[in-house]
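The form predicted alone is given below as one chain in structure tokens.
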Amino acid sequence: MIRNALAEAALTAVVVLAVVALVLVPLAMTQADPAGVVSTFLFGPFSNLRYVGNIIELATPSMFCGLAVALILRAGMFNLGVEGAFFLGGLGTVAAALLLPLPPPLLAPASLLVGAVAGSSVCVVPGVLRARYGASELVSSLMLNFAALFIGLYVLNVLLRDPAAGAMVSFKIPAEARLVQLVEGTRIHLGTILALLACGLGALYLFRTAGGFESRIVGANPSFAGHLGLDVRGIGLKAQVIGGLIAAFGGGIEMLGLYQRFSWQALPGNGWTGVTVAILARDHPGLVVPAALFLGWLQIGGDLVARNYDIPNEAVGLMQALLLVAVTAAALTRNPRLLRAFGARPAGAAK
């Protein structure tokens, strides 16, 4: 089983590299220095500490959102409310940091907890509608994102807005609630360690606990899970709750780690990135980390090429779109003949 999983991961990596080359090489050939374009894209993000820090900075929220989506997908659900949960989680965390009269050691943990509970509602509500009424969580969660956005903007404008700031932003987050910066010269903060820890705990939950085993059974075959006597709806709802809490917690981490005020006036897009990360990781919490780092490298490499050459930054978006198509294409990444070429055992083979 492990051998087949490694073969599938290796094949996915080859497909990803082929897609990057398919987009990058034609764009590079339109420039006077094609080799420079390729070199800047591939190696530029590692040329100094600041760029490496930018990769990790982008990967940190992607790990939280990717892990949330992966756990939801493993239970056979598909909830797009991760985006709204991340947004409301950030807002709830800032609101708690500004309003709760707590001593400094407790302020950040308590604020993150409040933000996680508040933001998770964006995933919980579609889960409840699915469990109780059979409503499609895909549609309800997508629509609820925009409800979360406008509710959040109302709270920001009415309760948290700093009238002296000259823009619709909150009061400054108290310094004692901010997360510790880990590497001087970068914006890498304590939240990165928490994101890595969350992915590790997610893998332990999914593959080493009874709850994770039940979730995987329900996701693989709901009918069989029902015959086993498992509460299919309850397990699906639990996955939605856990995913919402993780995504909202990631929004709070992003705020306390990188921002001085809450300033989002639109959905930040980290939830959509999390969907891409989860798909690249094949819904495996342990692979969420390299998938998030890969997308961070892709974004920084594209930014460097766009700044130094006459190549639009939208090329990165094109790469991500093609990656989604290629990685989700079972004909490519789950083809038995191709997998055997990477060392997978054929189905039913003797041990």
Partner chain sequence: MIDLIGLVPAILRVSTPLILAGLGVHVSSRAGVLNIGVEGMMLAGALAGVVVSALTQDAWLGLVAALLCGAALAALLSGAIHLLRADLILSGIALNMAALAGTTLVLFAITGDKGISGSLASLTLPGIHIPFIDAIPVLGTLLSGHHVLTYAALIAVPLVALLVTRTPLGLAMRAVGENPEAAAATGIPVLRVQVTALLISGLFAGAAGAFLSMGYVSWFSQNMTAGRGFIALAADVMGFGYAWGTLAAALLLGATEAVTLSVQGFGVPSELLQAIPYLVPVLAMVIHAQRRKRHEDD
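All figures in this text were calculated on a predicted structure; none of them were measured in a lab. We call the rigid core whatever largest set of C-alpha positions still superposes within 1.5 Å between the two forms. Positions refer to the first chain, counted from 1.
The same protein also has a form predicted together with its partner chain, omitted here; what follows describes it.
Contacting member of Leu298, Val38, Ala315, Leu304, with respect to its partner chain in the predicted bound form [4.5 Å, heavy atom]: Comparing distances to its partner chain in the predicted bound form, the residue within 4.5 Å is Ala315.
Just to be sure I understand the contacts: of Ser136, Gln181, Ser263, Asn221, which is the one whose heavy atoms reach within 4.5 angstroms of its partner chain in the predicted bound form? For this set of options, the contacting one is Ser136.
Verify the contact flag for Leu42: yes if a non-hydrogen atom of it lies within 4.5 Å of a non-hydrogen atom of its partner chain in the predicted bound form, no if not. Flag for Leu42 set to no.
Answer yes if any heavy atom of Thr209 is within 4.5 Å of a heavy atom of its partner chain in the predicted bound form; otherwise answer no. Contact check for Thr209: no, nothing within 4.5 Å of its partner chain in the predicted bound form.
Taking any heavy atom pair closer than or equal to 4.5 Å as contact, tell me whether Leu106 reaches its partner chain in the predicted bound form. No, Leu106 is distant from the partner.
Would Val114 count as a contact of its partner chain in the predicted bound form, using a 4.5 angstroms cut-off between non-hydrogen atoms? Answer no; every heavy atom of Val114 is more than 4.5 Å from its partner chain in the predicted bound form.
Mind telling me which stretch in 116 to 124, 271 to 279, 198 to 206, 170 to 178 gets its heavy atoms within 4.5 Å of its partner chain in the predicted bound form? Heavy atoms within 4.5 Å of its partner chain in the predicted bound form occur in 271 to 279.
Each of Asn48, Ile55 and Leu245 near its partner chain in the predicted bound form, meaning some heavy atom within 4.5 Å? Not one of the three qualifies.
Counting only non-hydrogen atoms and a 4.5 Å cut-off, give the residues of 66 to 84 close to its partner chain in the predicted bound form. Phe78, Leu80 sit within 4.5 Å of the partner.
I want to check Thr30: does it shift between the shown form and the other one by 2 Å or more at the Cα, with the core superposed? Comparing the forms between the shown form and the other one, which are aligned on their rigid core, Thr30 does shift its C-alpha by 2 Å or more.
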